[in-house]
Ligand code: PEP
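Next comes just one chain, in structure tokens: the form predicted alone.
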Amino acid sequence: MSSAALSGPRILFRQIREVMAGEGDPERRLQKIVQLIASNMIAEVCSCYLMRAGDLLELFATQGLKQEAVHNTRLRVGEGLVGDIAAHARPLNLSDAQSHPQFAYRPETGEEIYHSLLGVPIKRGGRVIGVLVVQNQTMRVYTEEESEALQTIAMVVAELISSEEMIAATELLDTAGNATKPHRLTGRVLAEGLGIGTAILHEPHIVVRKTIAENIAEEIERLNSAVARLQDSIEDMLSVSDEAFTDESRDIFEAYKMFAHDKSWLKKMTTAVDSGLTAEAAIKRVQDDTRNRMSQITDPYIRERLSDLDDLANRLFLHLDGNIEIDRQHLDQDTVVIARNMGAAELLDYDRVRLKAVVLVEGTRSSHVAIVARALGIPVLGQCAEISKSVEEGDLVLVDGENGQAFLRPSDDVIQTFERSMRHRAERQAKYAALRNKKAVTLDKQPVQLNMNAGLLIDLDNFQDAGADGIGLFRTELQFMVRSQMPKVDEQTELYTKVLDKAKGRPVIFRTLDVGGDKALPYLEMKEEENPALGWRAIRIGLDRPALLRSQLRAMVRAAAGRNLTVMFPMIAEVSEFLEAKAILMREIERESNRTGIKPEAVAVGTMIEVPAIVWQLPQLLKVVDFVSVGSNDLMQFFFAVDRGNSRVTDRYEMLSSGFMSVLRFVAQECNKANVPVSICGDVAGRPLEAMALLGLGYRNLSMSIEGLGPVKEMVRSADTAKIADFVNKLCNMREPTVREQLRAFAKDHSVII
């Protein structure tokens, strides 16, 4: 079978359409279709397997295999070659199928005489609903054109399989995916809170209702018009001056603009329409092909480009026939966004009033979308793998960002219980708001400084009302991560100036660039590393690429002209690294002073305590720093040798273990002896129970996400640090894997509000 032997997709589509429009039993029509495919592609076998309940694929129609195998041959998803195609949702092209390790022989089919095999998934609404296979006796590899043709044919077949008539006649699964039963799903809390709303798919499923074109010229015109509207809409996005569109999101739209004008992408869709598909089917066809080609690529930058192309395909689909793209900035109802994953800037595309929660298939608590969501007070549930298979656009979703669960299509009693929980949470938030202007002072008159973590200008919009004493950690890398090229010094200066302006004289600690590991920069060449968390990242990149560090420090110095500048270096493992980085900063201050005669009013330079090695150099370090800040997330990761992005081990060890608490106590004691200010930032600082333990360990400066400020301040005002210190010191000597319950009992006995 060669590509030249194909009698033309248009002819085959017209024949299939006639069969689909005809009368009679749907299974007989499906049998007629496989006969047409076999004849058109000069294949000795064409078989169609459809999905049954329990993830079983059943042979429903065949030309070439034994007819007695129909409805008798079944394979589990993942079993055999057909099951492998369904499991991975990608084509399989083999010259000798029987030699493949996944081959599963079924004697009732009589397929032992056939060697070459080309199989493709049949998909509807983003889900595999069957598999279409052609086979020949000769050993040969099917051409790329033949593979693409069969994938296009599978889209047409999906239309018949998903028809109500077919479903009713065969008792198939609802292949359109319209589930109606309630579901309770579990996940990992990435940002606390409760939210209720209707589901919006961040990557909406393109559902093609009509596959075969009746008028090719009209379909080409529809496609071209949609492309023009898409390109215009992206231009409009880039021209928006509203502050809601930050520099970060603007750079993402610049990437969309580049891809929206990509000639190769546009030509592929036009070619698909020329072959006989509707504009909708052509968009879906090219999108599926792109996913198949790029899905196995691990390079993070290229994977991000796949996300861009996916998003463009979805937007283009919405522009067909003048459809208006979903206005995410102005939603008409309370909404829960469902996504595989999201970037921090993409979250800002949504209406901040109507967006009530986010549920992710992937995601970690340290991901930037989670960090931004916590700053905005939006609940996020991550690592919820089942959500993509269970949810449909418009489903009612309850997100419990306190206990790590989501409810799809909940019953009335579940809704009532959830709404009561939301009222109780609102009452707690009102109580925290009443504490906003009160001092964080303990019962034994110990003042505690409560600072806020930030990373975007949008964080500072909430700063004034949050009751924070300052910005204990401003993450500068977000501005770098969403751009296709490194931001210039002037662009960085503008950002840092706005941060200091919005802080209105309150302290701001700028952390220099902390990238590498799971935070890649597309324009910085980085080799794939076996252990990226332990590799070339943070200050190591800054010192190896001093121009990068200099440009950032230069921008900070300029932004702080006549004002206080506080800079902190991340991932310091040796005192010499700190001294080298500090020397670069001092040279930039001198350079700016010589250039303009203006320099910061005062400069404080500190370091993060994240690498255990630096803990044992504290006597030397504390002689040369102005302050230190414990990065609890990374310090705990390195202390326990645990990848905090790995869901299999991230919950294995406890911050509230005797061993880790002893290290934190040692750092606080050494800093207090040397009279060097010490703070702690990270998840532990924003949770009342953990924060109570930190008070006992000697910390009086805590930096956290915005939602932690109220609960922690309430705890502080109900605590006696002297009593806590006595108790916590005893716990440090216990060598227990966790002392959480002991701390809970202490809080209850001493009326500490946690």
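Since the model is a prediction, treat every value here as computed from it, not as a measurement. In this text, residue numbers run from 1 along the sequence as written.
There is also a form predicted in complex with the named molecule; it is not shown, and the following applies to it.
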query: Heavy atom within 4.5 Å of the named molecule in the model of the complex - the one residue of Glu610, Asp459, Glu111, Asp400 that qualifies; finding: Glu610
query: Option touching the named molecule, based on a heavy atom within 4.5 Å in the model of the complex, out of Gly631, Gly276, Gly130, Gly542; finding: Gly631
query: Close approach of Gly682 to the named molecule in the model of the complex, 4.5 Å, heavy atom; finding: yes
query: Touches the named molecule in the model of the complex: Arg475 (any heavy atom, 4.5 Å); finding: yes
query: Residue contact check: Glu280 to the named molecule in the model of the complex, 4.5 Å heavy atom; finding: no
query: Partner contact for Arg644 in the model of the complex: the named molecule, 4.5 angstroms, heavy atom; finding: yes
query: Candidate stretches 403 to 411, 190 to 198, 633 to 641, 79 to 87, one within 4.5 Å of the named molecule in the model of the complex by heavy atom; finding: 633 to 641
